[in-house]
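Next up: just one chain, as structure tokens, the form predicted alone.
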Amino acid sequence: MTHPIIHDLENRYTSKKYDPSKKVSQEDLAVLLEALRLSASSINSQPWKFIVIESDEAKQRMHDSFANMHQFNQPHIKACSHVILFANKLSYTRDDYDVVLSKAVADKRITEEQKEAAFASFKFVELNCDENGEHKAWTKPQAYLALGNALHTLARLNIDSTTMEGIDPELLSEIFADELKGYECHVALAIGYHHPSEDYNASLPKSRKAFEDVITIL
């Protein structure tokens, strides 16, 4: 199949080694961050924040977060161009959704008169409240929707990436306590440009299950 979307996805892969001399331009980074902002979420809840790790100081903090586990991902932190933490809200309140609906009014998506009726969608939040009054089991998948959007955006921009679930959420919450207050992070994304000779995964052929094994048309 020949199509720009398919071309993006056929050429996207997980980078295993980065070239530290190459950095993502601010222009491309701006496109990625705007794409993240525009990501889809259940009831347009947007229960996330994206923490961009760019400076040497922030990279050192991220590097230190691998002290206890998943050291196989640690080399990416200083070699890649940027790391993005995908953080989801622990508790999603009616006030949080009010912010979303108030912005919808400001954007003329709904009227002020329609705002109260729109709160009916908040029932999806209430249905996903755990015994501790938290909604993280519901907000966490929303962050992964944004991650999928990021991966395709990066492929279109010809920027390499490495999805890292191999992180330490507990230590991250300590090291980035100010930035993650009220949030948790279970996945991070390294972005940059692969090392031309040391990234073994760059030259391997794409491998996915056959179409008929994963697609059912009724």
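Bear in mind that the values here come from a model prediction, so they are computed numbers and not experimental data. Position 1 is the first residue in the sequence shown; the rest follow in order.
Unshown form predicted in complex with a small molecule; subsequent notes refer to it.
Can we say W48, K103 and Y183 each have a non-hydrogen atom within 4.5 Å of the small molecule in the predicted complex?
Per the other structure, none of W48, K103 and Y183 touch the small molecule.
Per-stretch contact check against the small molecule in the predicted complex, the hit in 52-60, 27-35, 161-169, 175-183 (non-hydrogen atom, 4.5 angstroms)
Only one stretch qualifies here: 161-169.
Does Q142 reach the small molecule in the predicted complex if we count a contact as any heavy atom within 4.5 Å?
Output for Q142 is no: heavy atoms all beyond 4.5 Å of the small molecule.
So in the predicted complex, does any heavy atom of K16 sit within 4.5 Å of the small molecule?
K16: yes, in contact with the small molecule in the predicted complex.
Does at least one non-hydrogen atom of K209 fall within 4.5 angstroms of the small molecule in the predicted complex?
No, K209 sits far enough from the small molecule in the predicted complex that none of its heavy atoms falls within 4.5 Å.
F72, heavy atom within 4.5 angstroms of the small molecule in the predicted complex:
Judged by the heavy-atom cut-off of 4.5 Å, F72 is in contact with the small molecule in the predicted complex.
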